[in-house]
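To begin, one chain is listed below as structure tokens, in the form predicted on its own.
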């Protein structure tokens, strides 16, 4: 449009309200908003008081006829539940907005402010807000009623087992369960000799938990059911379901001799490899060539091999000389450098070993490392016997050792802590077994400090008993590794109940 064109200014006309005579913008009813609301109440006939059923045990609400919905106070789920209870009323009007009005948590009252619209006189649209009060009546759901009647009455159980000599896998699995709230529906958790038993009041909760285990670890499972009772007249049957889940015995830092078929399927890998990571896949690394391969759950259980040597057979070595022979490689976020090393067992300096290691970027003369002593090991492995003429290295180093530096901090609390599940302990455990579990837990905590990738999926909390001024945000090169303070900030604050010593392990 040209700038010199004449534009007629547009003005909005006004009319007088037919009731009170004030000037207003015209509308189909020719009434101002105040007079229109005095004449018409669009909330008439809509319920202002509603009674809802609330289970105080599991904090859930009854969605008629039989569905129980778990929701926290002033959450989106609870607001959706409250609005759905007015579904028949809201068919008469149009819902614009809904929000909670604060009430005392112990008042047994919920207040929701609703804003609705409706077409009134001569097509005019009126908008109005009103408050609906929900009265909570305590009524236990079927699952909680069954539990209160008999706490040991369960419908489905999940038995998790791993045939190894330590419990570090279950300590890690416990933290994953807490991180994802996977055992929130468990009635009881019991710690057994080689695993954990979880009991559920519903079969679907057990199935969901078994699916969760399959996503975080290489597992295989089978299930069975036992008839408890039946009613021949109504043809109803009550069963107890048992799910048996077996976790692969391959653990991180294990030395493995691959079966010939598996090695051939992985491009003639190994055959001596190190397990560097275990999720629902097993990550294998050849320490001599830095080749890395992955085994999924199906591939592993098809052959179901075991470790040649485990973490309990690690031997401490002194490093006398290191000569780097390759550039640095980055495999899956981890750095490796091949180097020739001159080492000797700490317990026996009479024999020097000249070996090749993948830890050339970490080790230097004067350090100590943990590795597997193949020179003095008496291994009875079927897969190893299948390789004719295989020359075994005298030692394979696994990781750098910080035992001497940790001696200075022994007895001092860590600046962080972990939560733990409430478990019942089986009666099999004696004093010696408790010491073994404590030793395994200490090894697990050290693994978390040394391996940032291992604690990536876990929640670590600040230890309030530890002096903040003594915290070290970044570990020095000459000190034992520790958890940086930055990683604790994400889950820094805990509620007073969670911060109690009963639910924490230091």
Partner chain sequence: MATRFQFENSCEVGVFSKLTNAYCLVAIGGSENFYSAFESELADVIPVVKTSIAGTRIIGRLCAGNKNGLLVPHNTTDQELQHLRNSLPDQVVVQRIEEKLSALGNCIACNDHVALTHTDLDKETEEIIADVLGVEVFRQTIAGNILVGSYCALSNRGGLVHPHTSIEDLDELSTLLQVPLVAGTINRGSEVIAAGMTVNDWTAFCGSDTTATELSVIESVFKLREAQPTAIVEEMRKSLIDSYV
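Whichever C-alpha set is largest while still superposing within 1.5 Å between the two forms counts as the rigid core. Residue numbers count along the first chain shown, from 1. This is a predicted model, so every value here is computed, not measured.
Not on display, but discussed next: the form predicted together with its partner chain.
Among heavy atoms of residue 28, some come within 4.5 Å of its partner chain in the predicted complex. Mapping the unseen interface onto this chain, residue 39 counts among the residues with a heavy atom inside 4.5 Å of its partner chain in the predicted complex.
When its partner chain is considered in the predicted complex, residue 7 lies well away from it, no heavy atom lying within 4.5 Å. Residues of 4-29 that come within 4.5 Å of its partner chain in the predicted complex, judged by any heavy atom, are 8, 9, 10, 11, 12, 13, 15, 16, 17, 18, 19, 20, 21, 26, 27, 28, 29 in sequence order. Put the two forms on the same core and the Cα of residue 37 is off by 2 Å or more between this form and the one not shown. Annotation: Cα of residue 27 displaced by at least 2 Å between this form and the one not shown, core superposition.
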